[in-house]
Structures are given as structure tokens and as C-alpha cells.
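Form predicted alone, single chain, as C-alpha cells, below.
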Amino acid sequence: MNLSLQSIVKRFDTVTAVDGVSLEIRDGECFFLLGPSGCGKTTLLRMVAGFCAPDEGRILFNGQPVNDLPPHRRNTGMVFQNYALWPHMTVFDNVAFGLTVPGRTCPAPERRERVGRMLKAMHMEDMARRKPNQLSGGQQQRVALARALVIDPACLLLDEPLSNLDAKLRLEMRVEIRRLVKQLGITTIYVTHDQKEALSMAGRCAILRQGRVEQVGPPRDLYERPANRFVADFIGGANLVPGKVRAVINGLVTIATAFGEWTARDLHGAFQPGAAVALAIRPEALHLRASSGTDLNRFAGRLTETIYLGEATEFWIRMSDGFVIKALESGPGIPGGPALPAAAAPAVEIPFHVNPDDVIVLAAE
């Protein structure tokens, strides 16, 4: 099913939760609504489901407006953040519930077959007679997902379905949901504030802030070519260094900052000398104690903090003007040097360099 959101506005008293959102979601696409708490993503999802109506704008399913259709006539399946399972019902009855409401009722043999097939797909067939309080969080999440899918919806709506799970189980369920969505070819709208979920699962994402869309695109585009400071910082985190364009020569832009001069690619010819900008530098783009073979973007600062993350180590480097820039390196230590204990960190000076291709120049806000 193709979905079209056209200039959607939703207000709650004096608060505008969704402010003129327009989106096109393609048939079979796994589309993410991503943003911080309070940005309007869940309100937008609830309007698609029919639980609340927009104050302005239109919602179209396959070109047909559905603003006035109640939820049960929209052929959508929804997985809520808290799963919303009936505590007095068995797993089987919870999954079968959608097949017993008016408009979706079916004969008992067909209902048993459809529920059994869905429980098997979720690896839950041996738990059909259990109650929700006898299940783990991951198992409850699978039941909620089975209940949403058993009705054969044209669109699957997921409202932060993994937020209540531990880190290991979240990773497992990401893979499971991605597999199911791909296998079924169902149009999916997934709400989350977790960047890793979006980067690992989405076909495309819409980044929302204060009810408005900041950027739409595939995860790689959002990460490597953010539209503004907010997107650069929200997706994966970035060092945002304020500066001013000094010169643009042969596709290279030179930017003056408080602790030195940077060089970056001017991919779009968008910046002129004197323009105020922000440099977005991903922590993994900093190369510590390694020779780059060039004098471009070479700096040094004092190490103030080391944070061990298991698969990587984060280093906080204080520059001459007091700005702290963060670097991320695989493994426990600095390439070319011994591992550094946290107690010795303030006494260590660290040189680093950044490839001009890895410096993202954004307009100042």
C-alpha cells in the first residue's frame, strides 16, 4: 500500500504537535519516523492508524483519503510500545482477537489455521496456552507482532516496539522484524528515537524535530550527507565546530576555526568566503597518531577522558580554545601507542588528522 501524508497539522490546545508534515511512503517500504521525544512522531503514527484525526491536511491510502475512516476500516495493524496484550487471555486468544471483531471475523477452523501459522512464524507455537504474565519481554513483543500481522494488514505500524527490551534482545528482534517485513513485503511505518534501529533496519527515514520534517532519505544519506546541524548531531553524533569560510579554491573550502584552519570538499558550491558555518566531523573520522601524508587538517590537543566501550574506545580531546572534540577508535588503545590509563589522560597530548572528504560543511544556525 502507498501512503501519502499531505500537509498534516495536529494541535493539542496551544501546542502544535505536528506542523505541516508531507511524506510519500512507497508500497512495501520500511519507513522510519525518527526523532527525539516530543517531536510528533507517535502523534503522526496515531493519525495514520485513525486513533486521532488531523486538524489540517489529508491522509491517503493508495490515493484514497481516509481522514474520516475509523481504525478498523483502514486495514492497518499496530504494535504498541507497551504491547497492550490482554492479561486474562492466552497467547492464542490474544493473537486471534483481531479475527473476531466485526469486519474481520472468520470461521473457527480458518482462525485456528491463521493464528497457528503466525505463531509458528514467531517461534511461539509451544506457548499458545500461556498467559502474557508467563512470558518474557521478547516473547510478549512477538505476540504483539503476531496479533498485528494475523489480520493481513496492508500497512504495519510499530510504535517504539523494542524500547522495553534489553540490549541483546533488541538486537535479536531488529533482525527478526526486518526479516518478517521483507518476507511479507508489507508497507511498514516504524517510530523510534533509537538511531541504531533506524540505521540498521530502515529503507528510508524521516527525521522530525518539533513537529516538522528536517530531512528524508536512506540511512546512509542521512549519516553521510546531513541537511543541517540537527540531523548531523542526532544521527550518530558529530563534533560540531563553528567556523567561517576563508576561501574556496578548486572545489576545496578553507574554514577558519578558533583552534586552526580546516579544509573540506565543497561538494555543492554552496559556500562563499565570509559565510558562517559549522563543521560536522564524525568521531570515527579522526585518525589518531597516524600519518596522513598531507598537512591538511592536522591538529593536536590534550586528552582529557578515555571511555572504554568494549569494541571501541572514545577519546575526548581538549583543543587550545577549550573546545572538546571526540574521537572513536576500534580497540582499547590508540593506534601506534600503548593503551592509556584514565588517570594519565590529562597529561597526554594527542595529534590527529581528518581527511577533507570526511569534513561536512553545514550552514550555521
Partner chain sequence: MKNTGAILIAAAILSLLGLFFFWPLALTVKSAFVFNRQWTLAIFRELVQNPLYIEGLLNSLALAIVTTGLVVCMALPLAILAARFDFWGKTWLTGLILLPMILPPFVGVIGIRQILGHYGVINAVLVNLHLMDWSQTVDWLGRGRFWAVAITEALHLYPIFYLNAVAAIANVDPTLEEAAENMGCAGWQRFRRITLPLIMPGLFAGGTLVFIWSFTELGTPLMFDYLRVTAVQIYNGIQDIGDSPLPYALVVVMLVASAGFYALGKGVFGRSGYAMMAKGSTAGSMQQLRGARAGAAFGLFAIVFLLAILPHIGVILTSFSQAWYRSVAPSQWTLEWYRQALGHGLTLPSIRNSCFYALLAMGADLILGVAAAVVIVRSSLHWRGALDTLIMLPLAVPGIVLAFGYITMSQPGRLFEGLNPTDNPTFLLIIAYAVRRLPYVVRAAVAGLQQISVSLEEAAENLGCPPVRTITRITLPLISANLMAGGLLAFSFAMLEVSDSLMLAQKQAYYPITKALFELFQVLGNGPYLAAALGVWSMLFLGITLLLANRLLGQRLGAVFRL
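All of these numbers come straight from a predicted model, not from anything done at the bench. Numbering follows the first chain given and starts at 1.
Omitted here: the form predicted together with the partner chain. The next part is about that form.
Among 167, 249, 108, 101, the residue placing a heavy atom within 4.5 Å of the partner chain in the predicted complex is 101. The partner is absent here, but in the predicted complex a heavy atom of 151, alone among 151, 154, 180, 122, sits within 4.5 Å of the partner chain. Not displayed here, the partner chain is approached by residue 88 to within 4.5 Å at the level of heavy atoms in the predicted complex.
None of the heavy atoms of residue 276 is located within 4.5 Å of the partner chain in the predicted complex. The shortest heavy atom separation between residue 226 and the partner chain in the predicted complex exceeds 4.5 Å. In the predicted complex, the partner chain lies within 4.5 Å of some heavy atom of residue 76.
Checking 56-64, 311-319, 43-51, 30-38 against the partner chain in the predicted complex, the stretch whose residues place heavy atoms within 4.5 Å of it is 43-51. Shown without its partner, the chain has 71, 72, 76, 77, 78, 80, 82, 84 in segment 54-84 as residues with a non-hydrogen atom within 4.5 angstroms of the partner chain in the predicted complex.
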